[in-house]
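Okay, here we've got a single chain as structure tokens, the form predicted on its own, with questions on binding and movement later.
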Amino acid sequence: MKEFRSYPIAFEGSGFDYFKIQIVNTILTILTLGLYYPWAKEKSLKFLYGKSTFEETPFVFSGTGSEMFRGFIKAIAVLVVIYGLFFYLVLQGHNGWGILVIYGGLLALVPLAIHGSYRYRMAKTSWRGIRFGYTGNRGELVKLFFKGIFLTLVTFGIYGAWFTISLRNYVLGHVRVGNARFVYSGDGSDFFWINFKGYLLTLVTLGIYSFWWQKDLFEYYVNNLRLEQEDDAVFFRSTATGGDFAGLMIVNFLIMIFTLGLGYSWVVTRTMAFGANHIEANGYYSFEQLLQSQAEYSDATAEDMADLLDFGFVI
């Protein structure tokens, strides 16, 4: 009989250590007029990954500043072309076409950035020497994305909950760690009512319920995720309460206010530790069965495009 057991998750990074990295990153990024940014990101990610552990083994981020710099240049070139075409059309008096190019072009980049950033980030993530991977199809994701945009528009935003969950189901459902796969089984109806209730009660309570809304969202994201391989599986479960989120968010806010933003590093590490401390992993799985099966991938263009479009990488 397979043994049902718990798998410890932890984050062991300190705010002060991360602050030292961020100070050097900020100074060098300013001195190089932003060109140091990819190397700054490399150092930040390697610290955060290396301090995150599962089964008392840290994760490893093997991406390099050079890879992300090349991707950064390519991403900027794409945006320069889109904005250049926009300004050219506007100066020629074709304002309508210009607006179509700028909004259509930037919107078209979003699914490409999601797909490419997952391919890069997963390929550069490993645990016990086993690489992660992302096996989604770019064409499928593009179709899913624009179908969701269309239905969200024609339903005046109501379909947005189903759109969000369909994207999450697809993307996370194509994340692999060696020969094991993640599965996300969220449902748009449940997500819609969580947000409907959260929005309504936050208004009624003058913002107080927002902490419990965040708790419900976190719980929904975590509890619907599992890792499986054949008959073995690890299930994730949130243990956070609304009070826990209130403590986290209020203290983080006060740190940012009273340090004039200098406490950002402590906010990041506190939030990472909070997530690790409030996620339980339980199930039937022998991680000795993990086999190296994911390919290497080093094009960071979409990773940098996601940064330039200002949406984060979330799993």
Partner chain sequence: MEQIATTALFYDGYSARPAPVRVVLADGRLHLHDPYDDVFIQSFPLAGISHNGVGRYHFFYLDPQGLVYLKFEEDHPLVPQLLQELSASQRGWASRLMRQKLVLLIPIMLALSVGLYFLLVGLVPFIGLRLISRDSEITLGNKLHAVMMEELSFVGSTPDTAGTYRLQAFAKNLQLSKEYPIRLTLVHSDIVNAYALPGGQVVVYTGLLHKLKTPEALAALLAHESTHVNSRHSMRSLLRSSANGLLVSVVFGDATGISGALAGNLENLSGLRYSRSLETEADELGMDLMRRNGVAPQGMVQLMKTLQTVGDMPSELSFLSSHPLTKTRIKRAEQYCEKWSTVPANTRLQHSFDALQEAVAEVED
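Positions refer to the first chain, counted from 1. In this text, all values refer to a predicted model and were calculated from it rather than measured experimentally.
Note that the form predicted in complex with the partner chain isn't included here; everything after this is about it.
Novice: Report yes if all three of L107, K197 and V204 come within 4.5 Å of the partner chain in the predicted complex by some heavy atom, otherwise no.
Specialist: No, none of L107, K197 and V204 comes within 4.5 Å of the partner chain in the predicted complex.
Novice: Of these, 225-233, 188-196, 130-138, 147-155, which stretch puts a heavy atom within 4.5 angstroms of the partner chain in the predicted complex?
Specialist: Going by heavy atoms within 4.5 Å, the stretch is 130-138.
Novice: Which residue among I208, L91, I99, V80 has a heavy atom within 4.5 angstroms of the partner chain in the predicted complex?
Specialist: Contact check passes for L91.
Novice: Which of these residues, G65, G275, G263, G50, gets a heavy atom within 4.5 Å of the partner chain in the predicted complex?
Specialist: Looking at G65, G275, G263, G50 one by one, just G50 meets the 4.5 Å heavy-atom criterion.
Novice: Quick one: does D307 come within 4.5 Å of the partner chain in the predicted complex, counting heavy atoms only?
Specialist: Yes.
Novice: Check whether G247 has any heavy atom within 4.5 Å of a heavy atom of the partner chain in the predicted complex, and answer yes or no.
Specialist: G247: no, not in contact with the partner chain in the predicted complex.
Novice: I9: heavy atom within 4.5 Å of the partner chain in the predicted complex?
Specialist: No, I9 stays farther than 4.5 Å from the partner chain in the predicted complex.
Novice: Report yes if any heavy atom of S44 sits within 4.5 Å of a heavy atom of the partner chain in the predicted complex; otherwise report no.
Specialist: Taking the distances in the predicted complex, the answer for S44 is no, it never comes within 4.5 Å of the partner chain.
Novice: Within 4.5 Å of the partner chain in the predicted complex, which residues of 288-303 have a heavy atom? Give them in sequence order, or say none.
Specialist: E288, L290, L291, Q292, E296 sit within 4.5 Å of the partner.
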